[in-house]
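Form predicted on its own, single chain, as structure tokens, below.
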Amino acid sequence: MTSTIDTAALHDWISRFATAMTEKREWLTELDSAIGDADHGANMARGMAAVVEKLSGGAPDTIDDLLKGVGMTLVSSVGGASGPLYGTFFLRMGVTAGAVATLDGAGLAAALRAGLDGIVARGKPAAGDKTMYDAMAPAVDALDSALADGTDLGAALGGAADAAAAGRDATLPLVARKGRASYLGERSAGHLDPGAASTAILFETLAAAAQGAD
């Protein structure tokens, strides 16, 4: 049973996400080459490598320092839209989490919700725009719903990851209304959104870290 998540587990999440960005770099670039600038995979891999380098001396003691450090590194090292958006997500998460070493389910959900709200404030996405929002919003909503039903945090995060993956897949038929992909109009349909794809990985790795999966 998992009822809380601590700084070490969140550091593990960041490490898992960084590894996944390296492993999925070419796939994300392939997705982005169809409807964007063909740089999402490279940008995310480079940004997360910079994060890993920053954390190489060990994770901060508190969750806010960890997540705000991740956010600032992404903002300063990643080009395109992904750096500011993911950076804002982690910065808002950190501010909301506060100077604590452990979060319960409600605290983590609040931090993730704040991260989502930060993305909305910066990019103004809405459901169906074919962006990372289409994966993130369902994931955050699923987590809130599962926790409200008394679901264990690890299992609730697994459900959130499933919701993110479903949201990613739901971008396939959509016509993009935001970002570079929107310039393609109807031709953007039939392609997964790369930001939604990386967001699904974000929640998949969070669930794995919370559950202590190998």
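Quantities reported herein were computed from a predicted structural model and do not represent experimental measurements. Quick note: we count residues from 1 along the sequence shown, nothing fancier.
The form predicted together with a small molecule exists for this protein as well; it is not shown, and the discussion that follows is about that form.
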Could you tell me if D65 has a non-hydrogen atom within 4.5 Å of the small molecule in the model of the complex?
no
So in the model of the complex, does any heavy atom of G123 sit within 4.5 Å of the small molecule?
yes
Going by a heavy atom distance of 4.5 Å, is R168 a contact of the small molecule in the model of the complex?
no
Does the small molecule get within 4.5 angstroms of any non-hydrogen atom of G80 in the model of the complex?
yes
Given the stretches 51-59, 158-166, 38-46, 142-150, which is the single one in contact with the small molecule in the model of the complex, using a heavy atom cutoff of 4.5 Å?
38-46
Residue within 4.5 Å of the small molecule in the model of the complex by heavy atom, from L202, A196, L10, A18, is A196
